Structures are given as C-alpha cells and as structure tokens.
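Here we start with a single chain on its own, the form predicted alone, put down as structure tokens.
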Amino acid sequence: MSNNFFKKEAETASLDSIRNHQLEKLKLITNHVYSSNAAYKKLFDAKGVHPKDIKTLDDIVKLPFTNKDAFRESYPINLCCVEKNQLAEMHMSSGSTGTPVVMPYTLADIGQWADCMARCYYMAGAEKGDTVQITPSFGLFNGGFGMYHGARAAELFIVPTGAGNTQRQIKLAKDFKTKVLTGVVSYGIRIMEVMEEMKEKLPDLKIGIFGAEIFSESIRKKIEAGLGIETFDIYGMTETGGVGTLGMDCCARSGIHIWEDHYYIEVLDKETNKPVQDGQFGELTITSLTRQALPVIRFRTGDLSKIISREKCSCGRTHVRIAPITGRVDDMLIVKGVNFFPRQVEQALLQIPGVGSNYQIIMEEIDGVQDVRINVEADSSVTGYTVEKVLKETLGFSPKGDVFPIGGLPRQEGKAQRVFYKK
C-alpha cells in the first residue's frame, strides 16, 4: 500500500481541524459569492439567508441549492465571482444535451486544481520523475488539462498524448516506460483490446487512473487483469473545477476520499432534500470552499452515492470516504414497471464468461410503450439464451437483444456511450 502523500499535513489532518477549516472557509465563500455576483445574491435573498447567518456547519442547510440549470442559464460566465481580467483559463462540458456548462479559473483556482490532482497521483503510488501518459483530450473538456496541471505539480514526467490513435499510445507507453496511465474508463478497455491485437506488453505500466464514467468493480477487475496494473477511480466534474478536484479512492479500496479541506459534501434524499444517514444512498451535493472564480454552493450533482466512513483510513488519510458513484438520479431507466441503472446491466453482463466489455442499452418506444434492447459482444461460446437468463435474474424481466462477435459493436475513442434512445 502506498504511503505517498503530496501534502501530508492536509491529507492527515484531525477531524476537528478539518471541521474548523471548513467552517472558516464556508463563511468566507458565502460572503464572496453574495457580495461578488448579482445572480448568487438573488438566490440567497430569495431563500431569505445572508452570509452572516452561517455560524456553524449545520447552517449550510439555510443556503440555496444550485444545479446545472443555474450554470446554463448564466452562460457564458454570468455566475463568475471575479473580474474578467482575473481569469486565466476556462473549460466546459460537451454541451451535447443543450447549453454547455462553463467553468472559468483564476491562477489560484488552477493551483487548487493542481493540488487536488497531485494528491491523487501520489495516493495512487506515483513518485517524482515517474512517467505519466495523459490520454484524455487537451481542449475545452477538462480531463487532459486537469491531469496535466496535477502532474506538473507532482513533478512527474508527462507524455501528453491526448485522445485517440491507440496503437501510437501503446508504442509511446512502451518507448517512454509509462508507469501511470490516465483516461476515461472505456478507453482503458480499448487500449487492452488493441494491445492484444498487437501482441504487445507494457511491463513498466503499474497504475491506471480512470474517471468520467461509472467504474464498476467488474470493469475494474477486467482492466487490472488485462493490463496488469492497479486501477483508481478518480472523481471530479466541470462544476467543481475538473477531474480530481473532489478526490479518488486509495489502495485500501474502501471508498473515494473527498478532499474536505476544499469541498463540503452532503448526501441528500432527493424527495425531501434532507440529509440521509451515513451508509444510505442519496444525491451527492457539493459546496466548494476554496475556489475563486466560480465556487458552487450546494450544487446538486445528480450523482448517487453514500458515506462509507468518516474514520481514519488504513492509508493514513482522514478525509471522508464515499461509495463509488452507482449512477445518476436522472440515469434511472424504467421498463415494464421495473427501475434499473446501466451499471446493473454492466455488472450482470461481466459475470458471464466470454462476454466482452462493449454493450448497448437501446431504449425503444413502440406504440407508446417503453421497451429495451440490450446488445452485447461475446465469443462464440455465449448464447443469447445465457445472456437473457442472467439479465432476467438481475433486472426482473427478459430484455430483447443480440449477441455480436467481439469487435462487432461501434466503439468511441473517448467517453463511451452506453444508452441510446430510439423511437
């Protein structure tokens, strides 16, 4: 187990020290957004709350919620809390479902991002001078730059490949003795497949840091076995400042550490908006405590998780641990009166020997009735009957679908699309 720390004092601070720090920062950040941005002030006023009303951490429930709609309605940067001449960089979501979410950064914000990401690298076992290969794209999407900023802070040797050209990725990893590979989860699978086709091995590769997609235990085991590495589930989103800002799991495999000196989390019941008990699933809600340009206040992430532990981890870190993201509030699918999440389908399929990692969940509307078709790749030993039987045991009904040979379904070099809608 890695005992590497990027900032040991912060990562192993006592609970009392963390809570005192959070309260101090919460008071500062609420005053900052209220006094700096008219849209935020309007939200506070509508809720009947003023920054001076925040006297304890429990008072956070007095603050208004924000969500993606608030970002989209304020496009491009009307929620920004600093002057334009203080901005150094920006990134944004893909905007595939409408107006994109834009995150502006001051230099201090980039430093905060780099600090959080560097902690993740060290927590995974990286050391100064290790080669890190960054496969997320360098552009408006935050993945490549986030990995880059953190690697610079951690003093790693960077191979900034960006996305695509998988054969070249493998050659560069071999030539430059890449130890740490970063990317989206599905691209880890793609690299595995191409390595097998090329009959290549990467003996120096030891660590995989993957994010941006649901990372099931089945997929984790598949990637680890295929690449011979230890994998880590990294967490962060555009609204919190990018990849790695929220945290990552450690070698103990006992949950994702959230960097509590930078973020305050709540796990809420979606219907009542009240906190659930530790150990119960709910919607993860984030307040950023140290960001300048666009801090989020009680941001409804839509991600489903639960608090696993607030106790000190065996890795030595004291920051709260949450369960890996099981899905999103709005990802739930309903077919024939049954509620299920794409993650459940993946976990069921990967229990079947011979089934590949690529699959499609196609939601169909036939005569106004919602139905689902699940297509999967598998070798010749797997029958449609076997797939249907396993899915029925998991989902409670028998979906339609077909079994394709390995490589028979479309692939994406970046973030995989699993759910499709057809009318």
Ligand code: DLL
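This is a predicted model, so every value here is computed, not measured. Position 1 is the first residue in the sequence shown; the rest follow in order.
Beyond what is shown, the protein has a form predicted together with the named molecule; the following relates to that form.
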Next item on the list: Name the single residue among Ile325, Ala153, Leu268, Leu205 that comes within 4.5 Å of the named molecule in the model of the complex, judging by heavy atoms.
Entry: Ile325
Checklist line | in the model of the complex, the residue from Ala124, Ala212, Ile219, Ala114 that sits within 4.5 Å of the named molecule by heavy atoms | finding: Ala212
Next item on the list: Given that the partner is absent here, state which listed stretch (172-180, 126-134, 143-151, 344-352) has heavy atoms within 4.5 Å of the named molecule in the model of the complex.
Entry: 143-151
Check: Is there any non-hydrogen atom of Ile234 lying within 4.5 Å of the named molecule in the model of the complex?
Finding: yes
Notebook entry, point to check: Applying a 4.5 Å heavy atom distance criterion, does Val243 contact the named molecule in the model of the complex?
Noted result: yes
Next item on the list: Evaluate Thr238 for contact with the named molecule in the model of the complex, applying a 4.5 angstroms cut-off between non-hydrogen atoms, and reply yes or no.
Entry: yes
Check: Applying a 4.5 Å heavy atom distance criterion, does Thr290 contact the named molecule in the model of the complex?
Finding: no
Item checked: in the model of the complex: members of 302-319 within 4.5 Å of the named molecule, any heavy atom -> Asp303
